[in-house]
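Only one chain comes next, encoded as structure tokens, the form predicted alone.
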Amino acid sequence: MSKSKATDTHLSSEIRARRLFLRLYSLFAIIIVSLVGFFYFSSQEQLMFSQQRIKMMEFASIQARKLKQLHRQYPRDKKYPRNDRFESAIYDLEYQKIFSTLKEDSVAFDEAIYNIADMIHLVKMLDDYYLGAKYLIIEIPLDKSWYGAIILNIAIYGSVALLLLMFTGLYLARLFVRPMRDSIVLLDRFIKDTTHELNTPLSAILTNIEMIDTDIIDTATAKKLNRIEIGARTVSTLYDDLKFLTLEQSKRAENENLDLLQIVKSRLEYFTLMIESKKIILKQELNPSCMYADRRLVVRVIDNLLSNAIKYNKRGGAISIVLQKNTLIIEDSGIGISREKLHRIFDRYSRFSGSEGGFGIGLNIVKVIVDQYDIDIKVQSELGVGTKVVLSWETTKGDK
């Protein structure tokens, strides 16, 4: 198995955590930069209105004086005063139009200054009712020359700020996942040390159990011996997984034509005591099948699937094993896995039951191996009903 695949599997949780953090951080950064840009644009717009207001107030004073003159000369002079620099209109106290040269007739009397379409309106209340007018409206074209400069500034400074925030986010993401990385490294180191310590006592236990003559011991002692052997075989399966992770994962695969029927029967025999101890009903439909692969890796896959089917099964439950050409199905009537957690079953160190031991590495090993041989694996599970695992593969040139 290549070291790159092992590394990818090892870092998958860290990568997902970092990506999730960066997505949330990027969204937050974009919102912040957008809000700052919006408030900057609004402030510049208000500044523009303030500058225009001063000029339009001068225009309003000019127009008010002309209205006053017209009021005094009325009805001899009935010509409404006009000016090339602005348009205007007069309205009475009831907001009824008296006269208007406005290009945009819609007037917001509750606003002092505002823009409408491409125009700016200034609303001024007259002190005297010249010609019956209470409101004087001054209109000038909206100067859009400042828009381009403001938008360019927002785009440049916003991009720079967003870039700086992204670099900051990358740094923070490293800090964010560092505890996870340290924990994984610590756990891997612990597993490696544990593996070395398990080998000698475990071999001694299994060897001495096999050497005991069961014909000369009483029933009670035989039951106790069975329990010891079951525990030893459980630890042995775990040891094989730990050894695979720490010592054998990067070892080159030695592929050969495998008789899966013989391998499955052999592994069922190995787990017989564990199956009988939980009074599990075993249903078998085993047919000849073969695969071109490394025997050591295939045994790891079958052992982990059988071990889980036994470990997470109900007492007095059932296990169904079907072996056909290019297909292996292992189904149990155990505790099952909820649909929300099903997508995480192959993650290393993921455990879904606090009542059972283990490091949560078995299914991760299964996934690594089946991916190496392009074996399709499907898992169906329902909480409280059971789990079904289906392995299927294509015939290769090495198959018989």
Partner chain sequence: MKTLLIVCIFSVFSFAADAFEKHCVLCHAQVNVSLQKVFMDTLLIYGGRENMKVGLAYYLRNPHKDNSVMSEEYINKNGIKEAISIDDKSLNEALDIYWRRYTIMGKLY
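A quick note: this is a predicted structure, and the numbers were derived from the prediction, not measured. Positions refer to the first chain, counted from 1. In this text, rigid core is short for the largest set of C-alphas that superpose within 1.5 Å between two forms.
Just so you know, the form predicted together with its partner chain exists too; it's not on screen, but the next bit is about it.
Give me the residue from I212, L131, A253, M166 that has a heavy atom within 4.5 Å of its partner chain in the predicted complex.
After the contact test, the surviving option is L131.
With its partner chain left out of view, choose which of F99, F109, Y147, Y270 has a non-hydrogen atom within 4.5 angstroms of it in the predicted complex.
Partner contact (heavy atom, 4.5 Å) among the options: F99.
Is A117 part of the interface with its partner chain in the predicted complex - any heavy atom within 4.5 Å?
A117: no, not in contact with its partner chain in the predicted complex.
Answer for Y74 alone: is it within 4.5 Å of its partner chain in the predicted complex, judged on heavy atom distances?
Answer yes; at least one heavy atom of Y74 falls within 4.5 Å of its partner chain in the predicted complex.
Please determine whether Y80 contacts its partner chain in the predicted complex, using a 4.5 Å cut-off between heavy atoms.
Yes, contact at 4.5 Å.
How about D259: is it within 4.5 Å of its partner chain in the predicted complex, going by heavy atoms?
No - in the predicted complex, heavy atoms of D259 and its partner chain never come within 4.5 Å of each other.
Tell me which of 150-158, 306-314, 262-270, 123-131 has residues with heavy atoms within 4.5 angstroms of its partner chain in the predicted complex?
Result for this chain: 123-131.
Once the core is aligned, please say if the CA of Q324 is shifted by at least 2 angstroms between the shown form and the other one.
It does not, since the Q324 C-alpha is displaced less than 2 Å between the shown form and the other one after the core fit.
Aligning on the rigid core, do we see the C-alpha of A173 shift 2 angstroms or more between the shown form and the other one?
No; that C-alpha moves by less than 2 Å between the shown form and the other one.
Superpose on the rigid core, then tell me if the C-alpha of I98 is displaced by 2 angstroms or more between the shown form and the other one.
Moves: yes, 2 Å or greater.
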